[in-house]
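Consider the single chain below, provided in structure tokens and representing the form predicted alone.
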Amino acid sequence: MERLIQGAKRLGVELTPRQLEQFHSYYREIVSWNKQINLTAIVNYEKVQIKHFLDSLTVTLAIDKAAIKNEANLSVIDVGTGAGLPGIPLRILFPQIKLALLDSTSKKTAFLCHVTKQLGLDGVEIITGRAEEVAHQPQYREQFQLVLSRALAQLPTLAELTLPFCQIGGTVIAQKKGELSRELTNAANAINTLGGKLRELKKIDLEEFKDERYLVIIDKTHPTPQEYPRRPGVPARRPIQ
């Protein structure tokens, strides 16, 4: 996993032999299960290391790595996680975090249940459901210090699907690609309405990525009104203006 090792070093991360073993096992399980269910179009060994694993680890550029290592049970949810990205790579890197993985597709959550056991990632909660519905359940609403999403939706919709999970004082980190100025403008009111404040748009500057990649970092500053998120499908069809 040399591509992952070198890329991680540029992020300030040294991967242990055990972590590299977990990443290699994770790759094998993705390729195996991908024959039955659509987890990813990318299965090439080097490309998975870069476009899935290293890309997931770029979220560490938006967090205090030393603080996470010293904090027990940091609560994290990955919304719309798919094959477990970026949540599982982050849990491999920081074994002490309390991780929940949310996806609406039961075949994908079956894979997540299997792969977390195979990798020895104890205590990861796997949730099958729509974010619009799960975010209204008391055990998940405003319960997480860190909310992650990767290629989930346009920013106005993404804000509605993620901020209700985030506790006040917590942070949403959304991984996005391409030119974002119009999305950010369109999302400004939604972010504020849902209890957030844009902290930073952080560009990912790694030689492994030739396209434009960013971390959209949103702090949760006040409670999300109870009517949000709206019922399934509405945030995408009628984003908050």
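Computed from a prediction, not measured in an experiment: that's the story for all the values here. One rule holds for the numbers: they count along the sequence shown, beginning at 1.
The discussion below concerns the form predicted together with a small molecule, not included here.
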Here the chain is shown alone; which of A131, I92, V147, L99 has a heavy atom within 4.5 Å of the small molecule in the predicted complex? A131
Which residue, C166, L161, V76, L155, has a heavy atom that falls within 4.5 Å of the small molecule in the predicted complex? L161
Of 102-110, 68-76, 137-145, 118-126, which is the one stretch near the small molecule in the predicted complex, taking non-hydrogen atoms within 4.5 angstroms as near? 102-110
In the predicted complex, is there a heavy atom of the small molecule that lies within 4.5 Å of any heavy atom of L85, even though the partner is absent here? yes
Using heavy atoms and a 4.5 Å limit, would one call G170 a contact residue for the small molecule in the predicted complex? no
